[in-house]
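In the form predicted alone, a lone chain appears below as structure tokens.
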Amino acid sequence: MADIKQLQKDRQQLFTDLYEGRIPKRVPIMYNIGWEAAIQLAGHDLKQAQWDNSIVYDVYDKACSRLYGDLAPVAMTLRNPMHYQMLGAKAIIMSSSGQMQHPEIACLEPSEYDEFIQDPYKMMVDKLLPRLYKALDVSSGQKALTLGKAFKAYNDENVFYGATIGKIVEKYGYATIVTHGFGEAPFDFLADFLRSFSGINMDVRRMPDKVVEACEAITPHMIKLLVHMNPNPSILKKGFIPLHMAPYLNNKQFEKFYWPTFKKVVEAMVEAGQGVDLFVEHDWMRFIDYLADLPGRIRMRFEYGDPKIIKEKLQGKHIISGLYPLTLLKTATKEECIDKAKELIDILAPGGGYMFEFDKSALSMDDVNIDNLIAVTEYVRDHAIY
């Protein structure tokens, strides 16, 4: 037990040093496989296991006994099917294989922009949520009862999973970084569930001023989710923001619709003393100078991009992770996989500010060769010195 406590302390120091701008003793390893992938790795049926809490510890334990990470290498499920089924969700559904998916869906009509801009929260509660969740399209009393039941189920699941992860952290001596708050860039929020990918791409051409006003109207709500609901913030209590739509915009559209309100959200988080965790999805190389200009010390997980340019542009101000192609673990030899890790370490580790992570998480064990994954993470653990 004493050895585990010391291991946990050493791992925690790696991240503390990294986030506070010092050079850790070695490159920290932070990645996770998706909950569905972990279920498969543990040998359980995917569809059945997501309804069965009795196997949750076994899933974590079997995955963590095989995979190396300085944090627990299994993601906590964000899309437990129970509360989505209770709400009659249309935007998050289970596929025939058992994967939870987000189909293309819109609940805000173009003619409703003015109403949304006037009071986004009221419209979301009164009109948009019942369109996304059919069990809420009932009388106000029934709606309150259904929402209360679903929220209790959601909270109970989070408490249960959190307690299980606590046991796993203690058993394996993992470091912990708290994710406290999940939000989006205002433009992404408008696109994801309200207008859809195709809808927002029509709106930026047909009614650009309304899109700008809607992004500005939703910005305080995003700040509330990411800042005001985070008590006692610190750089290690992080708000998570996945960045979706920017690569699909041209430069003028990005400057007009995306950047101004997203920057406001990040500035509010940094001003509050809170950590910021960005998943820079797809290819942001056109906008790398904007990211470099953000305040604070932000962890940026890049899906794609040129590591040399990213390193040069960020100049040690922010933390770089990602960029290691998950698909390589499936298609390449063990030696080729390790060589890719060496390449990224040689470019990104000097001077600090680098955390090893894959470009995306494995959603299924079909996405990776697990022997290659183990070989890469163990190589990084043993050889990745700044």
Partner chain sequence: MSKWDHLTKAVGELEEKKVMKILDKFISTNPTDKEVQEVINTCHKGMVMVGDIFEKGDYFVGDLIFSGELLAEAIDILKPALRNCDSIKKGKIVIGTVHGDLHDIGKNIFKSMAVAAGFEVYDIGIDQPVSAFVNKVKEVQPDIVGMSGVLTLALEAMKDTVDGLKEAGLRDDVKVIMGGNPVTKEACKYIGGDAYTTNAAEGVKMCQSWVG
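Note that the structure is a prediction, hence the values are computed from the model and not measured. Positions refer to the first chain, counted from 1.
Not on display, but discussed next: the form predicted in complex with its partner chain.
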item	value
Interface residue in the predicted bound form among Ile235, Ala135, Leu294, Leu249, criterion: non-hydrogen atom within 4.5 angstroms of its partner chain	Leu249
Single option in Gln99, Thr77, Thr164, Gln85 placed near its partner chain in the predicted bound form, where near means a heavy atom within 4.5 Å	Gln99
Its partner chain contact in the predicted bound form: Lys171, any heavy atom under 4.5 Å	no
4.5 angstroms heavy atom contact with its partner chain in the predicted bound form for Gln142	no
Touches its partner chain in the predicted bound form: Pro110 (any heavy atom, 4.5 Å)	no
Phe160, heavy atom within 4.5 angstroms of its partner chain in the predicted bound form	no
Contact test, all of Glu104, Asn201 and His282, partner its partner chain in the predicted bound form, heavy atom 4.5 Å	yes
Partner-facing stretch of 272-280, 312-320, 297-305, 68-76, counted where any non-hydrogen atom is within 4.5 angstroms of its partner chain in the predicted bound form	297-305
Within 317-340, the residues that have a heavy atom no more than 4.5 Å from its partner chain in the predicted bound form	Thr327, Lys330, Thr331
